[in-house]
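Presented below, as C-alpha cells, is a lone chain in the form predicted alone.
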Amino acid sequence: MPGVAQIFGQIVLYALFFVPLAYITHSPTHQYLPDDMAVLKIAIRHAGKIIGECTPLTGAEYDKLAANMKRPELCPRERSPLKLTLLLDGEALYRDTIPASGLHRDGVSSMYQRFVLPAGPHHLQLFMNDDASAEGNTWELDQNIELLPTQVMVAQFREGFVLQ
C-alpha cells in the first residue's frame, strides 16, 4: 500500500508535467492571417497535349525494330508545357511556364502557389495554354469573387478551373 509521501510525490511529478503542457497548449496565441487578409491558393496538376503527330513506319523501319518494339506508328511522348497566367483586378500576380515532368517530358505538369490578398471583392482571371501548337489560351476562368477575412480559396484544374 502506497504511503502518503509516495502519493504526494506522484501528484507533484504529474503537476510538473501537466502544468507546462497546459500552459503551452493555451497560452501562446497564433494568428494565421491578419483579420483583413485572405488566402488564394492555385493548385494545378495537368498533362499538356502531346507535341507532334504519330508517323507511320515504313516496311524497312518496321523490320529494324526488335520483336517486342514492333508497332505500326511512331508516336512522340513529349507533352506541352503549361503556360499559366493569374490576373487579379487586372494586375498580373503570377505568370510562368510549367514544364512537363518525367525523363522524356511526358508526365504531368504540377504547380502550387499561395497568395495572401486583402479581403473583399476582386476580379479573378486565370488563363492556361496546354497545347504548344495553339495560339492564345485553351482554358480560361474569368470570375468576380468575394474573399472573406481569413478565408482560404483554392483554384484547381479538373477539366476546367474550379474555385472552392
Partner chain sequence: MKTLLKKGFNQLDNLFSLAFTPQWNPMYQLGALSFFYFWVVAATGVYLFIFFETSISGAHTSLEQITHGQWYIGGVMRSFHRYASAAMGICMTLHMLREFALDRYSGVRWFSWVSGIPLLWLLFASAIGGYWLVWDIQAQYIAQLTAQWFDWLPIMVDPMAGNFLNESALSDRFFSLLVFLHIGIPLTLLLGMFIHIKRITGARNNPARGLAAGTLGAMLVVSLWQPALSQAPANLDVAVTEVGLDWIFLNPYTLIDSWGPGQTWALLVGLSTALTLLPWLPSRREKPTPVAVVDPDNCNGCGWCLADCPYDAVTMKEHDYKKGHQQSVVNPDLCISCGICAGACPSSSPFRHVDELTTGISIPGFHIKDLLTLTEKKLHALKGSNRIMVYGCDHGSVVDKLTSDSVATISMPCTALVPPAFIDYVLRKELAEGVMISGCCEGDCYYRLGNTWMDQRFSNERMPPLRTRVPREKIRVRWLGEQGTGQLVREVAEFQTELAAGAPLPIEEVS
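C-alpha atoms forming the largest set that superposes within 1.5 Å between two forms make up the rigid core. Residue numbers count along the first chain shown, from 1. These numbers were taken from a predicted model, which means no experiment stands behind them.
Below, we turn to the form predicted together with its partner chain, even though it does not appear here.
Review point. Only one of E135, D63, D35, E53 has a non-hydrogen atom within 4.5 angstroms of its partner chain in the model of the complex; which is it?
Key: The option sitting close enough to the partner is D35.
Check your understanding: in the model of the complex, do A22, H26 and Q164 all put a heavy atom within 4.5 Å of its partner chain?
Key -> Yes: A22, H26 and Q164 each sit within 4.5 Å of its partner chain in the model of the complex.
Point to revise | Partner contact for L57 in the model of the complex: its partner chain, 4.5 angstroms, heavy atom | key: No - in the model of the complex, heavy atoms of L57 and its partner chain never come within 4.5 Å of each other.
Review point. If you check in the model of the complex, is L141 within 4.5 Å of its partner chain, heavy atoms only?
Key: No - in the model of the complex, heavy atoms of L141 and its partner chain never come within 4.5 Å of each other.
Exercise for review: Report yes if any heavy atom of K41 sits within 4.5 Å of a heavy atom of its partner chain in the model of the complex; otherwise report no.
Suggested key: Taking the distances in the model of the complex, the answer for K41 is yes, it comes within 4.5 Å of its partner chain.
**Study point:** Interface membership of S101, its partner chain in the model of the complex, 4.5 Å heavy atom rule
**Key:** Yes, S101 sits close enough to its partner chain in the model of the complex that at least one of its heavy atoms falls within 4.5 Å.
Review point. Does anything in 60 to 81 come within 4.5 Å of its partner chain in the model of the complex by heavy atoms, and if so which residues, in order?
Key: If the 4.5 Å heavy-atom criterion is applied to its partner chain in the model of the complex, 60 to 81 yields nothing.
Point to revise | Threshold 2 Å Cα movement between this form and the one not shown at G9, rigid core reference | key: Superposed on the core, G9 moves its C-alpha 2 Å or more between this form and the one not shown.
**Study point:** Threshold 2 Å Cα movement between this form and the one not shown at V19, rigid core reference
**Key:** Shift of 2 Å or more: yes.
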